[in-house]
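Taking the form predicted on its own, here's one chain by itself in structure tokens.
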């Protein structure tokens, strides 16, 4: 496990272009989340997004669809922008579309989708169908999901970017899978985004992928920040350390997210939730102070020793 010193921490932040930007909040308004730059364009994104794996797979249930729409509304109200989904996520795509339509198509939306089909020739049709589900004219970002048929899908995505049909291209992995191949693709292709798993206990990405993203000028999206809820459930009965207040972490979820967001290569974390209070809590993790390198190691050691 790589130990990040203060010097390397600052150096990586400068190299990645992911320096913190703290926007001013209007008087009486909730604090605005930290903004991070997309290295390939300079576009600024709030550092906490919204994942939809499992949580938005609610089918046609009208009550659950409205609850998802309320989560989306609270997410935008808190200052969020990036919503991430995939054809793999059941009914999540049309549920997102329902929520966006109900909210009047918020202009702040940064749409992050994936192509996920082993039939490389079906990629364009799948992306078109996903866009219809969302009800958007084009996606901001399309990623090759878990590297399925990645060679052909990347050709498709780069051609779509060149034609202006999407804005950014990326690849994803999760749960620490296929990092060697992931690294090879990062080195060989001009990706705008990479998406991977990273949190206070899953730190393998620190060894090669996060430094490489900084070196190559790629934005990093962090998935499964709470290990699909397993990590927060495990910590639920444990005492949050008093010194967590030094970084403004009032809950375990904020503790974990602040650890993730404090890595200089990370652009956006995308926790998923079904609850309005949780989405507000998650976005609030991107406000206030973030841990420095020494605090990060203290946080990791505390969780490891529980």
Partner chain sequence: MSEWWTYRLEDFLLFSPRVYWRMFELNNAASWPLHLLTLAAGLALVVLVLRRPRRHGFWIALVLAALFAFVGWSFLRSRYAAINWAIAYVAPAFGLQALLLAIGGAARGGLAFDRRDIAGRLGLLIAVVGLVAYPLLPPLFGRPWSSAEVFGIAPDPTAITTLGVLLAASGGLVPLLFAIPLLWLLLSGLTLHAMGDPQAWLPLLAAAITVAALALRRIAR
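Because the structure is predicted, anything quoted here is derived from the model rather than measured. Positions refer to the first chain, counted from 1.
This next part talks about the form predicted together with the partner chain, which is not shown.
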Tell me, yes or no, whether residue 175 is in contact with the partner chain in the model of the complex, where a contact means a heavy atom of each within 4.5 Å. yes
Is it the case that residue 54, even though its partner is missing from this view, gets within 4.5 Å of the partner chain in the model of the complex, heavy atoms only? yes
Contact test in the model of the complex: residue 67 vs the partner chain, heavy atoms, 4.5 Å: yes
Report whether the minimum heavy atom distance between residue 59 and the partner chain in the model of the complex is within 4.5 Å. yes
Can you tell me which of 87-95, 121-129, 209-217, 106-114 lies within 4.5 Å of the partner chain in the model of the complex, counting heavy atoms only? 87-95
Select from the listed residues 146, 197, 232, 156 the one whose heavy atoms reach within 4.5 Å of the partner chain in the model of the complex. 146
